[in-house]
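The chain that follows stands alone, in the form predicted alone, written as structure tokens.
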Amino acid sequence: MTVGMGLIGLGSIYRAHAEGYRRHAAAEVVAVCDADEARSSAEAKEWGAKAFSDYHRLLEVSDVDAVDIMLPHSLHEPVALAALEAGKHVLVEKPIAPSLAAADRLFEAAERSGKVLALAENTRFVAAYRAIEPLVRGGELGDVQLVRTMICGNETERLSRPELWKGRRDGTVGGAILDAGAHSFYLLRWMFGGFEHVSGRGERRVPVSEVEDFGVVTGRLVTGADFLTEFSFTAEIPWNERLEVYGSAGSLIVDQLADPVVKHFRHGKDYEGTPLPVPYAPRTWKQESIAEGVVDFVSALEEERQPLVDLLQVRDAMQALGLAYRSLEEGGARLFVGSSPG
């Protein structure tokens, strides 16, 4: 079986996706699209594919079985809807949509079309998170009492340029909480269960930007564990993700810039901790996990199964993110959400 792929949006995240298609024997890139015609033409030559600057024309290509949408957040819903209505399977970059209501419209459209809708959420494929999942689910940490995440890096240059979409509400819709929080909230839901309540706070340090570049969201999971997530887009450091899991019988620390990347602390006097066998790859861990997510999407189509990123968990994460923004607008109010663990 061959899966004919149409790639829509050839920006900064495109190269990691492209690596995933190169790895899968069933994937054939047959069409590419970007508003920049020169870029679209150049990439089309690399693949031996058709080039477009209008995604509507790409969707008319009969050889395109599925599309990969790598566009500004505000365009995820309309382009994904058009693709589903055109009878294409869809992989869309995170966040799946700018709001829960928009996400629900996509879920409904996918059900009507009978086509696969998938989210390119690399968290599910990060080697460190895969390594700790058996310990968390197997009860090695006892009762998880606190989960902390932090995603940080520097987007100041892009946020400072009004002609780019990153700092404009009509492009990104939300700032650091939506952009980076999509990862942390999916991680929380996937590995630790549903959300009970959330509270949000955000700040804008880049004056010309229209969205927050710093955010903190706290709350409680339905399991009883508390959580704290932090996001900074003005940190002068290589992009990093950090996860701390504190349980009644042990704890885990994950840090992509640390060597070892993962340490398991079995008790309060375990000062050394036990490293888990996760490669130290500060320059490539993110790109590698993105590529693996693309491979899973193509494999899911080939094997006629659902992708590993569960859309029910994605929906719960989107619901919690939406409440975080509402809380931010209401001065950090605690807002409750109904969601079941699993």
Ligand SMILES: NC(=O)c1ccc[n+]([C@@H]2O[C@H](COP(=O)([O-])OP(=O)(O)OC[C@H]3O[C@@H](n4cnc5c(N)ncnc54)[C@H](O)[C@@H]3O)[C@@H](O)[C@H]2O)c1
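Predicted, not measured: the structure shown is a model, and the values here were computed from it. Numbers for residues come from their place in the sequence shown, where the first is 1.
Not pictured, yet referred to below: the form predicted together with this ligand.
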Contact with this ligand in the predicted complex, heavy atom within 4.5 Å, among 148, 73, 204, 115 goes to 73
If the cut-off is 4.5 angstroms on heavy atoms, which of these, 26, 312, 308, 35, is the one near this ligand in the predicted complex?
35
Which of 57-65, 269-277, 296-304, 36-44 lines the interface with this ligand in the predicted complex (heavy atom within 4.5 Å):
36-44
Might residue 50 be said to contact this ligand in the predicted complex, defining contact as any heavy atom within 4.5 Å?
no
Would you check, heavy atoms only and a 4.5 Å threshold, whether residue 130 touches this ligand in the predicted complex?
no
Though only this chain appears here, would residue 13 touch this ligand in the predicted complex if you measure heavy atom gaps against 4.5 Å?
yes
So, in the predicted complex, is residue 93 in contact with this ligand at a 4.5 angstroms heavy atom limit?
yes
Within 146-178, the residues having any heavy atom within 4.5 Å of this ligand in the predicted complex are 158, 165
